[in-house]
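Just one chain is shown here, as structure tokens, and it is the form predicted on its own.
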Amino acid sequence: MPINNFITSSFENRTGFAIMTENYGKVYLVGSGPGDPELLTLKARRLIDNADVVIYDQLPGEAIIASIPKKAEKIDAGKYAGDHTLSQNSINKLMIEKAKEGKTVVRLKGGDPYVFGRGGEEAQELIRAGINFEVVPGITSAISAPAYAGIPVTHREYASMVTFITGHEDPTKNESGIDWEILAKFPGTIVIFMGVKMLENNVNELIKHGKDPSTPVALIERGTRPDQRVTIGTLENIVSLKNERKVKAPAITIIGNVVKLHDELGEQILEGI
């Protein structure tokens, strides 16, 4: 077998692009980015425009959802924390069902499908069902929302490392997979996805394990969208500020000294939008 054919065959088997014997359609797990329509990739735009079915979350934002062509079947999968229009199992079954009808399906997700987006789980289900699929990466809110708030997640003077964690773990797990003791000692930037509901617990864990209560914190609601809102505080007072300002999801939490740059850079960012 020629080497190119061998490589192609191996790649296809690993990623779910196996040769289909059925007349199935294809599923695209598409990351829509953080919400600003101009941050949607060219490939994502092309696939959305040509889809037969678009199964979307709320996280892509109203502007992107409104841009789905009328000819496509639009299915709202909901998916806010604790408030799901469809369960994950129902979404998996729906993707498979539509693909088996021979349709081109776009599973439209906020940010990047493989960064706390459950895209990996959906890909596994598609492989088990023998459905051809492709992953289309998107710009994650972990870097874009802070950038629009004038907060670079790394900076030579403030942070040479960054870590992403989820603030909403699988509720069926027996114990947390997050090591707060290590995170409390982590000298870089901590970015927490979906952490509004668990903010008080997360802050308490960090302080309990030795994180300086004066460490700067930013809560960024609806990052990169016209109604983006930023709340700046410290580990010591961010919970009271969240309650006072009625901060709601979708929001991302940034913890670390890079937050200090918001005052200097944030105004310049807003002027450029």
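The numbering used is simple: start at 1 and walk along the sequence shown. From a predicted model like this one, the values you see are computed outputs, not experimental measurements.
Note that the form predicted in complex with S-adenosyl-L-homocysteine isn't included here; everything after this is about it.
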query	finding
Answer option from 55, 65, 59, 47, heavy atom within 4.5 Å of S-adenosyl-L-homocysteine in the predicted complex	59
S-adenosyl-L-homocysteine contact at residue 140 in the predicted complex, heavy atom, 4.5 Å	yes
Contact flag, residue 184 vs S-adenosyl-L-homocysteine in the predicted complex, heavy atom cut 4.5 Å	no
Heavy atom of residue 158 within 4.5 Å of S-adenosyl-L-homocysteine in the predicted complex	no
Exercise: residue 250 in contact with S-adenosyl-L-homocysteine in the predicted complex, heavy atom 4.5 Å	yes
Proximity to S-adenosyl-L-homocysteine in the predicted complex (heavy atom, within 4.5 Å), stretch among 98-106, 111-119, 126-134, 199-207	111-119
